[in-house]
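The chain below stands alone, shown as structure tokens; this is the form predicted on its own.
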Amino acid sequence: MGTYILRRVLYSIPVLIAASMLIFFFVSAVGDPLAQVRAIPKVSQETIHHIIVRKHLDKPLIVQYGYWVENAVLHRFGTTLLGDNPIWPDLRLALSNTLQLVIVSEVVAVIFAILVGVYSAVRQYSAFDYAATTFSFVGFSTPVFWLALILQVLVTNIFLAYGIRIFYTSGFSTPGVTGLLPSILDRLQHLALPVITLAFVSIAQYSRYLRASMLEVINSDYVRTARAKGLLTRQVVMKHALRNALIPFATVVALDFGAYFGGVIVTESVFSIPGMGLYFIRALNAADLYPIMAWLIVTAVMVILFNLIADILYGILDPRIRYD
């Protein structure tokens, strides 16, 4: 396994280099990065010239790419185009906040998806199975922004009617809250609604995927053999069927986990969470290419990382797979 992981990490390096080149050249091709600055009457030509020299914008594009890679590797993505502010501190905070949201959402989604998917497969065509199917169709067709707004309205109306604050509808923490336990409870109250929003759609997707995988495994020869040996249904399902059904399921979850970092923009914007989504929106509004490229390369790293994790999970879940 160790050799396989090392080999996959080495394979990921050229993929990451290719991704960084595509990110830099495509983002740079959108136009003059100083167009918005030039449109400001109060900005002098001397200031513009200083920015050009500082960011090497007078050099060929391939040379600019080399300087950008140097800043990304040695100087934590360097500084912004405008204002010369360090990029990494704000990006690190946004990444940390998004990690908290995504991890909690995925854990909740995976737990409920396994419960729903396994029971639906075992009780195929039952009332629960039809209800789970209906829920999945609703989950697939529900827009994320609409669900987020509905949850905000519902919680706000409860607070106005009864004076009970169940969850917070925006932000990531309450200023002035101190102490470990109060801080954790406050963070959970802020995370609840965005977690429900993200997990709702994921549960619909994952449960259907696991149900289909379970049905395929349940009808296989080795499961019928286990039943013929007189094993309990619970042992057959949990020990023999579920482990093999989790192989494709784990791949989908791992890949979605990486993609979530670029896909929580809507949810974080609705709930005003200072994560990767809001960071990207603010960078776009500021028309600053360097924070945008830093955001894109971090997202690419996450996708590559969780592709690697998905492959490793194959070997853990399926003893027939050996890499060394």
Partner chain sequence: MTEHPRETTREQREPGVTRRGVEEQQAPLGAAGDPGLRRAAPAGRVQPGEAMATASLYEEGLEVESRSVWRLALRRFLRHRLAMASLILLVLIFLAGIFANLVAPYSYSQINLSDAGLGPSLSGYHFFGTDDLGRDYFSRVIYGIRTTEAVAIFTAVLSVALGTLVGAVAGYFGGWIDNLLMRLTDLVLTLPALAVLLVASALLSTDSPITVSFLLAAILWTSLARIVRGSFLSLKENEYIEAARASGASHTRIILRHMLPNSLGPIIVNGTLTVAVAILIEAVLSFLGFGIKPPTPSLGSLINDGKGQMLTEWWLVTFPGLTIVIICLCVNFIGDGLRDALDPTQRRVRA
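Numbering follows the first chain given and starts at 1. This is a predicted model, so every value here is computed, not measured.
Beyond the structure shown, there is the form predicted together with its partner chain, which is absent from this document and is the topic of what follows.
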Interface membership of F145, its partner chain in the model of the complex, 4.5 Å heavy atom rule:
yes
Would A19 count as a contact of its partner chain in the model of the complex, using a 4.5 angstroms cut-off between non-hydrogen atoms?
yes
Is I166 near its partner chain? Define near as a heavy atom within 4.5 Å, in the model of the complex.
no
Determine whether any heavy atom of G31 comes within 4.5 Å of a heavy atom of its partner chain in the model of the complex, and answer yes or no.
yes
Please tell me whether the candidate spot formed by F25, G117 and S183 is one where all three residues come within 4.5 Å of its partner chain in the model of the complex (heavy atoms).
no
Out of the stretches listed (190 to 198, 72 to 80, 213 to 221, 107 to 115), which one is close to its partner chain in the model of the complex, meaning heavy atoms within 4.5 Å?
213 to 221
With the partner omitted here, the residue among A131, V177, I247, I103 that in the model of the complex has a heavy atom within 4.5 Å of its partner chain is I247
Which pick from I51, L61, V37, I281 sits with a heavy atom within 4.5 Å of its partner chain in the model of the complex?
I281
Heavy atom within 4.5 Å of its partner chain in the model of the complex - qualifying residues of 57 to 84
none
